[in-house]
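Only one chain is included here, represented as structure tokens and corresponding to the form predicted on its own.
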Amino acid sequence: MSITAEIRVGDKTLPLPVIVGTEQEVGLDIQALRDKTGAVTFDPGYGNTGACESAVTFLDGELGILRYRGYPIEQLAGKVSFLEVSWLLLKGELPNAAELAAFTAAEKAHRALPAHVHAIIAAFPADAHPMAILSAATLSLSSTYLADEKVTEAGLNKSQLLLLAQFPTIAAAIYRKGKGLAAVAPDAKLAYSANFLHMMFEGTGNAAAGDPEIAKALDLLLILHADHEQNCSTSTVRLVGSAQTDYFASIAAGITALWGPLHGGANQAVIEMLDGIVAHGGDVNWAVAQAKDKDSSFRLMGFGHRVYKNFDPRATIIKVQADVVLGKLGKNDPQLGIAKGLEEAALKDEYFVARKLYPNVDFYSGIIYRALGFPYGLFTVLFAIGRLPGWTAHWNEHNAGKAKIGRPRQIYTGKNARDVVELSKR
């Protein structure tokens, strides 16, 4: 593909180098724009700004495509484990049998938390949000493992393995603290997601603990959330890391970015919306009408996406999984019926069709998490567990190159220069 570009600012014309990605995405290199013309681009929300080149994930919002390292999400989901996907994102290729065995053994060997992390979790108030605790616990791990990280690449790899192994242990300890229950030690005989369910629900009577099918479903959910290109939290991890901030602090920053209801907290917002519809008698038509009424405060959560302009490929996979999980647990959840009714009504309504408001991954994930017994506040923590390998892959990629420290520009719209007036004359 032969492409040339130039930009004219006043009487100055600047030729722009053109970057073409492997999927024929076109980017205009404007790094010299300000130096040569005095102008900067204006792009609130960075929706049209390519901040980096990346080989981790490809996303086409127009066609509904999501690929990790070239592999379609539809092929990965249900065919490989979350640890295999983690290795893929971190290393660039799916592991062979020997690599997977060694990686799995190492993950199992490092699941236990340092004593000070348990103390930090215990010190939080009972009503503290789990994401606040997760961020603090993650940040505290730098005091334990950062010495290794600074010495060698092997030390950094170890730090990243430790966090992958300990994220579920932290999440389970947060949950059990909130329930007034003692933490459950990790079980090295169990696979990643099965061990997480064990640490969460052992001794509580929850049927999810010890059920291999439920563990497999959770593993799939983690895979669907493992990476999603340059989203808010991933961009935050890269931006913070660009200051040569350590790995744990960069991930902690990503956690706080994910916390927001417009990002990782969206699945909780979907459940709260469905609760509101239940309170109105489960009337789907009422909800659709409210969503279309510009004067209504009601918002239809879980539909549409900042990037996907048609369907979210993850939503198709997770919808099937919702039926499987609820069927397995024997739960007749009225919210699932409302969710399906909303989807059907919205897909037939011209208002939603014209705006391409299709269900996204958050629409069904919250229903599954609630069915499994996770409290609402923990939904975003589960998102973080799934997203950790993606964050890590992007942090590694950004810091492996000669990346500059992130420093966006602005268009100043404040007061012009003026003099300070003495206090008595103001």
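Given the structure is predicted, the values throughout are model-derived calculations rather than measurements. For clarity, a rigid core is taken as the largest C-alpha set superposing within 1.5 Å between two forms. One-based numbering along the sequence shown.
Not pictured, yet referred to below: the form predicted together with a small molecule.
- Proximity to the small molecule in the predicted bound form holds for none of A132, H198 and F201, with the criterion being a heavy atom within 4.5 Å.
- Comment: 353-361 is the region of 50-58, 22-30, 368-376, 353-361 lying near the small molecule in the predicted bound form, near meaning a non-hydrogen atom within 4.5 Å.
- Although the partner is absent here, H394 sits far enough away that none of its heavy atoms falls within 4.5 Å of the small molecule in the predicted bound form.
- P261 belongs to the set of residues with a heavy atom inside 4.5 Å of the small molecule in the predicted bound form.
- Within this chain, G304 lines the site of the small molecule in the predicted bound form, having a heavy atom no more than 4.5 Å away.
- Shown alone here, T169 lies farther than 4.5 Å from the small molecule in the predicted bound form, counting heavy atoms only.
- Among the residues V117, L239, I317, A266, the one placing a heavy atom within 4.5 Å of the small molecule in the predicted bound form is A266.
- Checking L90, I73, A291, I271 for any heavy atom within 4.5 Å of the small molecule in the predicted bound form turns up a single hit: A291.
- For E350, a C-alpha deviation of 2 angstroms or more is recorded between the shown form and the other one after rigid-core alignment.
- The Cα position of A171 differs by less than 2 Å between the shown form and the other one after fitting on the rigid core.
- Once both forms are fitted on their core, a CA shift of 2 Å or more is seen for V288 between the shown form and the other one.
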